[in-house]
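The chain below stands alone, shown as structure tokens; this is the form predicted on its own.
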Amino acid sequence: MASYRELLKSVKSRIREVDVRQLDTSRNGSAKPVVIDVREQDEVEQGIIPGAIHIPRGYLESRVEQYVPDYDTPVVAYCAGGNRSAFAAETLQQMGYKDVTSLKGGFGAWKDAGLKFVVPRDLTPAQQKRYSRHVLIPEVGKEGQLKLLDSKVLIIGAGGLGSPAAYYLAAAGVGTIGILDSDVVDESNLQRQILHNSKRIGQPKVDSAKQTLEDLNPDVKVIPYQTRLTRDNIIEIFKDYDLIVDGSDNFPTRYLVNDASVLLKKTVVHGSIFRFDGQVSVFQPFVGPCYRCVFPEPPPPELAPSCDEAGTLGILPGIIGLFEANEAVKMLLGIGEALVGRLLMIDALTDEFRTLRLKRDPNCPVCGEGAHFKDFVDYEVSTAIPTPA
């Protein structure tokens, strides 16, 4: 039989410890360690070492590999006083981590040394429950969810593409969603535009969208713009948003959105549909190509029938809109590989997915080398999907 003190002494003889100055220096060096806070949630709420990953001691074994998959990565564990982290360090060594240390004196010693710490912003209990499946994902976690709640996304169109994109972005907890559409709900919309219902026929689409999204998630602030996007209002509307989701159905709007986004350096998640075909891409100014690099000119209106004339499979905008929402979340969180410089093409009849690699056009009049913005270009309305240049 061994007492707690005897166990702790034995454990500390088998692990390495670092003091707060050593940790502070190593965090600014070339081989930065991963710092793991093994305290409980109520302790972390009082402060945490900047950049530390919070994994409560009781979950360490089951979660650490999600955050530190490489067993050669230097790891420093800390708790309040240095005892729990000693046991944690030995556990990590037993799991195979090769460079593990425990912080001597723990967070108390860090604070006493006058080193910087932060009091983390937290989700409310209701938000913890609502977004629990996000919080469990290492690539999102609590910090990512808070980032989504702080994000502002503008969605162009409350129709076939804008409906599913807006619905899932609201469900994901994007804190501010702008919806721009000048139209009213029509019975023919209900085959695909899931933000609306039969009781709202004749109501402005932006008002219907606002009601649906705020009923879904009270965390979300929905800003309606019942107007057409024009050269006169686009800059004022775009300037306060982090990201634009383009669900428009005509070329004049797409080119207007592109040119303004390049001017303001705003990323655009693009989607388009025609009958059974859909396309998705992400246009990040000066990182990948812009819309004009890929589609220099719209097709003639007579070769681009609208959905009213040519029709579209009602399920297809749901597929494309969800891809748009997925790309938007990835861009907001800075995770994964977004469709920057790639065009995803989907054939809903054959279930075939193709991806085209896209390049910036050095002679692009909007984002090319030496290009200077002159004025927005007006085009005749046309709506079909163009062929990439």
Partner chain sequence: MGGLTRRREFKGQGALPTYNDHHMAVKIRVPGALRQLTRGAAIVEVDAGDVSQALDELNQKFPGFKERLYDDKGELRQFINIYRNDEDIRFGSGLKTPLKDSDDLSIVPAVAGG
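As the structure is a computational prediction, the values presented were derived from the model and not from experiment. Residue numbers count along the first chain shown, from 1.
The same protein also has a form predicted together with the partner chain, omitted here; what follows describes it.
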Sole residue of Y131, F283, F107, F251 within 4.5 Å of the partner chain in the predicted complex, by heavy atom = F251
Exactly one of E90, D242, D277, D219 comes within 4.5 Å of the partner chain in the predicted complex through a heavy atom, and that residue is D277
So which of 286-294, 96-104, 227-235, 182-190 is the stretch with heavy atoms within 4.5 Å of the partner chain in the predicted complex?
-> 286-294
Evaluate G173 for contact with the partner chain in the predicted complex, applying a 4.5 angstroms cut-off between non-hydrogen atoms, and reply yes or no.
-> no
Does any heavy atom of T350 come within 4.5 Å of a heavy atom of the partner chain in the predicted complex?
-> yes
Any of the heavy atoms of L343 lying within 4.5 Å of the partner chain in the predicted complex?
-> yes
Using heavy atoms and a 4.5 Å limit, would one call L161 a contact residue for the partner chain in the predicted complex?
-> yes
Quick one: which residues from 83-119 get a non-hydrogen atom within 4.5 Å of the partner chain in the predicted complex?
-> none
